[in-house]
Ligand SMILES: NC(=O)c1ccc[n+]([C@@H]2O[C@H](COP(=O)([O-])OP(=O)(O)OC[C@H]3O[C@@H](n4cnc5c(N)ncnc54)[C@H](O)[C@@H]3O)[C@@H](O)[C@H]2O)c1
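Next comes just one chain, in structure tokens: the form predicted on its own.
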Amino acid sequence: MRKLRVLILGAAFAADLHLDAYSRIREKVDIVGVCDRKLDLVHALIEKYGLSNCTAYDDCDKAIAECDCDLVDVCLPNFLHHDVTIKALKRGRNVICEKPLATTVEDAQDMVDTAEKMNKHIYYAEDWLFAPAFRKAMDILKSGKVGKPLYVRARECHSGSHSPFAQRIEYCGGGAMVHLGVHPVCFLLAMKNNEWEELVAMTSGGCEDNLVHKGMEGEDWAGVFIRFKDGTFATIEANYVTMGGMEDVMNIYCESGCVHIDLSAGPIQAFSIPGLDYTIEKAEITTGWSTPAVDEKHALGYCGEIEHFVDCALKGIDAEVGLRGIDGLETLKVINLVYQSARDGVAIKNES
């Protein structure tokens, strides 16, 4: 069986998540290059995952030009997604791109158009779509045993981004909604085949108007109400004011029942006076009672999405709905309309 040759751009948080997933499917993939301007991070990842035939790069342009690969996995800060993706596509590579697809709709559109022109695929890394709990919830809905969905409430929240790039809009494209709300927005758009009708939103506003993070240009709280074309309503919230670790929660209310999903709630409870080594992502403390995650990367969907992308790239086909470049573009369009609605204080209808 031919293995997929992958070049990873970036060697920080997202790259580690992806490499964990690749390490579980070594029979399908070879990591042939890792690039980051901080070579110490590159060498640390190569050593951590035992990458024996992997070249270390400190320049993305050089890596894209020289690395003999099939697919480029973009795990860089948001504002760098566009340029490296365009270069990789023009080099004849398929691309995995982390969320959000870009910082502007114009850049995202250019990425999608270039992929189509070059007859290549952009695989949009939305991990929620492969979270086992969410996939099980979708199976329950498809079974018809809870009836038609009427209202969905979804949220991703924690106490603030670890990335310095998250503090300025030019680097990230916004605040909590574009960083965290991007997950429930994309998931619900995929669930409804990108067919929405109207939205109305509010945000904390950014900087001094924020609830907690006064030095952050983007908002630290955002919420949006959406009506989909099939009549389903949804509330989506994203914030940086939630203490105690990551919250990924969805409640689906249906005609004959309901489904509640909490990716943060695990089957283990532990009590520690000195504190555990780790519990869940973004947890400020680990002392006292806690709920340690069990295989957190798998539970959040990273493993499933990466294997799906590898399988698609090996077959030369596009990903499923919600995980394509066009879905990343549609998600960014909706998030930008969320910001417009909040800024102008108006409801926005889908004119497409």
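In this text, residue numbers run from 1 along the sequence as written. Bear in mind the structure is a predicted one, so any value in this text is a computation, not a measurement.
What comes next is about the form predicted in complex with the named molecule, which is not displayed.
This chain lacks the partner; the member of R37, K62, R26, K48 within 4.5 angstroms of the named molecule in the predicted complex by a non-hydrogen atom is R37. Of the stretches 256-264, 134-142, 98-106, 224-232, only 98-106 has residues with a heavy atom within 4.5 Å of the named molecule in the predicted complex. With a 4.5 Å cutoff on heavy atoms, Y302 counts as touching the named molecule in the predicted complex. At a distance threshold of 4.5 angstroms between non-hydrogen atoms, K117 is out of contact with the named molecule in the predicted complex. At the 4.5 Å threshold, heavy atoms of A56 stay clear of the named molecule in the predicted complex, well away from it. Taking the partner from the other structure, the named molecule in the predicted complex has a heavy atom within 4.5 Å of a heavy atom of P164. In the predicted complex, the named molecule lies within 4.5 angstroms of at least one heavy atom of each of the following residues of 106-142: A125, D127, in sequence order.
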